[in-house]
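The chain below stands alone, shown as structure tokens; this is the form predicted on its own.
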Amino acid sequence: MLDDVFNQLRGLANEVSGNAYTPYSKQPVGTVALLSNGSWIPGVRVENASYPLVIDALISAYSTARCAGRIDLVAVVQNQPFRPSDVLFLSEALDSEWELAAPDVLTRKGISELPNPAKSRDVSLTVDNDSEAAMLALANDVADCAFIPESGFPVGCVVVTEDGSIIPGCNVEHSDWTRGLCAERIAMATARAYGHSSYLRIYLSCPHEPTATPCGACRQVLFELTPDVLIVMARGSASPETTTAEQLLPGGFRGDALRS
């Protein structure tokens, strides 16, 4: 029974890998996180010319689940083998014991049955109108979902895709700070995982800091993926400010020579 579920998830992970952004390694990685009700959440590898900023597919799926308020993961399958460190990451992130059931399968320790995979969980949001004020209010609501036990500093982001989908991201921290992600990078990774690669606008909310802007890491990722897309930032009582990744990171490096 478990093998049947694993094989279904393997097929989904292989399909999801087609949404990965891997122009440098040419090795697309897709991950599927199965929830307790049978729905699932995708994650993909998102590379960057600044190699240390690569977003891992497992972290992508886990962070998307956290932003959606779902921590009831019961299994995770990837289209390539997991590393030993991935077991520790998920165990610490979810405060539960996880184990390798197969080289490409992680499960909660001791689990004996799993639900059959159903539809992927839709994480896109809706608004009554798409005015700037409404979208910034939505980003502010997303900030309330941030998982921030280390910093207590919430940030929310919504990305509007070319087809009108609204993809959320909030900062998700981990006790190993190098494996946490900011709201902007989670929103971009989530959009990619769900097959969105063209974007119209990005809205950010940083409710506790009136002078905040995206960190250097997020600027680099946004510069590569969305250089010309307008970014509207709301910071508490400060007036909203509109900019682009190119303006935030003048002289940024895209690594075009590395793609060949």
Ligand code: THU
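This one's a predicted model, so the numbers in the text were calculated from it and none came from an experiment. Sequential numbering from 1, following the sequence displayed.
Below, we refer to the form predicted in complex with tetrahydrodeoxyuridine (THU), which is not included among the displayed structures.
At a distance threshold of 4.5 angstroms between non-hydrogen atoms, D86 is out of contact with tetrahydrodeoxyuridine (THU) in the predicted complex.
In the predicted complex, tetrahydrodeoxyuridine (THU) sits within 4.5 Å of a heavy atom of T213. The shortest heavy atom separation between N171 and tetrahydrodeoxyuridine (THU) in the predicted complex is within 4.5 Å. Looking at S151, you'd find a heavy atom of it within 4.5 angstroms of tetrahydrodeoxyuridine (THU) in the predicted complex. Only one of the listed residues (V123, L90, A75, C182) places a non-hydrogen atom within 4.5 angstroms of tetrahydrodeoxyuridine (THU) in the predicted complex, and that residue is C182. The stretch among 59-67, 25-33, 213-221, 42-50 whose residues place heavy atoms within 4.5 Å of tetrahydrodeoxyuridine (THU) in the predicted complex is 213-221.
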